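Okay, so here's just one chain, in C-alpha cells, the form predicted on its own.
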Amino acid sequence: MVNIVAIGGSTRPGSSSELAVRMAGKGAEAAGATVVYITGRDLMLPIYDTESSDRTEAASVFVAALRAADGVIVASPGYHGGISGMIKNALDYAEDLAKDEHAYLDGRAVGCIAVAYGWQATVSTLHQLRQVAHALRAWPTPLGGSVNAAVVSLTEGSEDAATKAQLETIGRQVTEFAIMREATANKTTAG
C-alpha cells in the first residue's frame, strides 16, 4: 500500500482548489493508495522559519505526512498569477526533510493542480507548481491540472466530467509511479 498526501485549498472551506485535490485524491484511492488529506485551514501554518526548529503541532503533523508520503498531490489557487502564499509556505516546510535519506521529496511523484478564475492564472500557477516540485527533487506527473473555475464546476453532483477525469488521472499517475518506485526498490533489495 502506498501513502499519498494531498494538500490544497484556500482559507475558504470547500474552495475550488480543495474540491480539485479531493477529486485527484479519489483517483489515487481508486488506484490503490491510502490518501491523507491536509486541506484548507489545516494548511494555515506559521511562516516557515529557517532560523528555528520549533514547530507547531499542525506543522509537525504536516512534515510527518510529507516524510511518510510515497507521493504528493498539490492543488493551489491561482492568486495574482501564481501559487497562493498559504500553499507556497506549506511547501517550504519540505525544507525540514533536507537531511533525510531521500532529501525533500526526492524520487516521489507530485501531481500539480492549479485552480483559478481565468486561463492565464491557471497556466502560470501550474507552471510554478511544477518548478517547485522539480526544486524539491520530485517528479511532476506527466499530466498537470489547469482548472478554470469560471468555466467548470467542481461541486459534487454537477462537476464537469472532463475535469473530473483529468484530476482523477493525476491522482492515479501519482499512485502508479509510487507503486513502480516501490517495486523497483524491493527488486533492488531482493536482488
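Every value quoted in this text rests on a predicted model; they were computed, and no experiment measured them. Residue positions are given as counts along the sequence shown, with the first one as 1.
This protein has a second form, the form predicted together with a small molecule, left out of what is shown; the following refers to that one.
- None of the heavy atoms of Ala31 is located within 4.5 Å of the small molecule in the model of the complex.
- With a 4.5 Å cutoff on heavy atoms, Ala121 counts as touching the small molecule in the model of the complex.
- When the small molecule is considered in the model of the complex, His80 lines it closely, a heavy atom lying within 4.5 Å.
- Put simply, Val115 is close to the small molecule in the model of the complex: some heavy atom of it is within 4.5 Å.
- Distance criterion of 4.5 Å from any heavy atom to the small molecule in the model of the complex singles out Ala149 from the list Leu43, Ala149, Leu136, Ala65.
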